[in-house]
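Take a look at this single chain, the form predicted on its own, given in structure tokens.
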Amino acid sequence: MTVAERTPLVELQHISVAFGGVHAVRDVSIDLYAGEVVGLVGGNGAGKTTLMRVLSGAHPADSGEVHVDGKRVKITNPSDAKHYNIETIYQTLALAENVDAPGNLFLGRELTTRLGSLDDSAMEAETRKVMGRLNPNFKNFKQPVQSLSGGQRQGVAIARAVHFNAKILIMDEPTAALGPAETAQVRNLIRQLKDEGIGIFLISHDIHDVFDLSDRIGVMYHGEIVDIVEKATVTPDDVLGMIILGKKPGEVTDTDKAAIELRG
């Protein structure tokens, strides 16, 4: 079955968002398929985070439509997004620092006993199960997450999304501020999620991350999509040109290339 014959997991159609008179996102359309990573890149203020905030329910679109599994849906808040199995892992991770991994996994969705008390053993058992699948080496189930490494913390945030049946995952700068070993660990987690059929929108400033993990790359510039390209058809320099100049690779002149080199 070709991509054209498949139904996207999610499709954003003609999304626009304005703050006052400034168009943060202007008429943007992008889709995502099961088992695919779409990198979303652009300079600061390009609109990529605002676009994903529409999908996550954090900010309403002024116009446009969202389709999940081919059906138009209304996402007005994060609860709506979760209903459609859309989960977001923010750069800040949104973890409770003084709470352990099971407590964070079930934060806001705690399991309780028949008597109404927290069922700590059940939550730990479920956490061990999901972490065992994602990261068998994880052992620190009873430590506050503030004592975990950056890679382990990212793993807890990913486990929380996966446990609650995420089909569409928005990841905002997942390897920011991580060392090489932890970056490799998180990249492996992303590949595993992809293999399990989860679709991932990957927001990143790291071109290496984007090229290592993405199948397609969407480049935004001043609130608009410059192009959405198959990774195999472009080079990092092509993508940088789109980010800096807002031009597709075939539109970049020698003068433009010289300007990019000077800025690099």
Partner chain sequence: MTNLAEAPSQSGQQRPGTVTSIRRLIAQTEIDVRLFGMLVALAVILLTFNVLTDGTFLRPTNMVTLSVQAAGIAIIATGMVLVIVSRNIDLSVGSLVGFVAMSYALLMTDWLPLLGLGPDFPFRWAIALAIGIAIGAGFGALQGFIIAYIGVPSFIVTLGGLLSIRGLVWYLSNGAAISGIDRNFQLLGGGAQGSIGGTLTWVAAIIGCIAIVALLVNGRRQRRRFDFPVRPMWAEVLLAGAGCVAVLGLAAFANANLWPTGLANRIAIEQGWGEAPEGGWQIATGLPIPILLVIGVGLVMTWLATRRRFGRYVYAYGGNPDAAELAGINTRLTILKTYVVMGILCSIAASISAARLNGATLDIGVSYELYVIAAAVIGGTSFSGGIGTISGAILGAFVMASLSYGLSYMGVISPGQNVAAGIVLIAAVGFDTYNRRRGS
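Residue numbers count along the first chain shown, from 1. Rigid core here is just the name for the largest C-alpha set that superposes within 1.5 Å across the two forms. Everything numeric in this text was worked out from a predicted model, so none of it was measured.
Below: the form predicted in complex with the partner chain, not depicted.
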Partner contact check in the model of the complex: of 105 to 113, 130 to 138, 167 to 175, 184 to 192, the stretch with a heavy atom within 4.5 Å of the partner chain is 105 to 113
Single option in Met123, Ile75, Ala157, Leu148 placed near the partner chain in the model of the complex, where near means a heavy atom within 4.5 Å: Met123
Taking the partner chain as it sits in the model of the complex, is Val162 near enough to touch it, meaning that at least one heavy atom pair lies within 4.5 angstroms? no
Exercise: Tyr90 in contact with the partner chain in the model of the complex, heavy atom 4.5 Å: yes
Please tell me whether any heavy atom belonging to Lys142 falls inside 4.5 Å of a heavy atom of the partner chain, as the geometry stands in the model of the complex. yes
Give a yes/no on whether Ala58 approaches the partner chain to within 4.5 Å in the model of the complex, heavy atoms considered. yes
Can you tell me which bits of 62 to 100 touch the partner chain in the model of the complex, meaning any heavy atom within 4.5 Å? Pro78, Ser79, Lys82, Tyr90, Ala94, Leu95, Ala96, Glu97, Asn98, Val99
So, does Ser79 move by 2 Å or more at the CA between this form and the one not shown, with the core held fixed? no
Threshold 2 Å Cα movement between this form and the one not shown at Arg153, rigid core reference: yes
Quick one: core overlaid, is Leu169 moving 2 Å or more at the Cα between this form and the one not shown? no
If the C-alpha spacing of Thr92 and Ser16 moves by 3 Å or more in the model of the complex, is that a move closer or farther apart? closer
Distance flag for Thr92 and Ala61 (Cα, change 3 Å or more) in the model of the complex: the two residues are closer
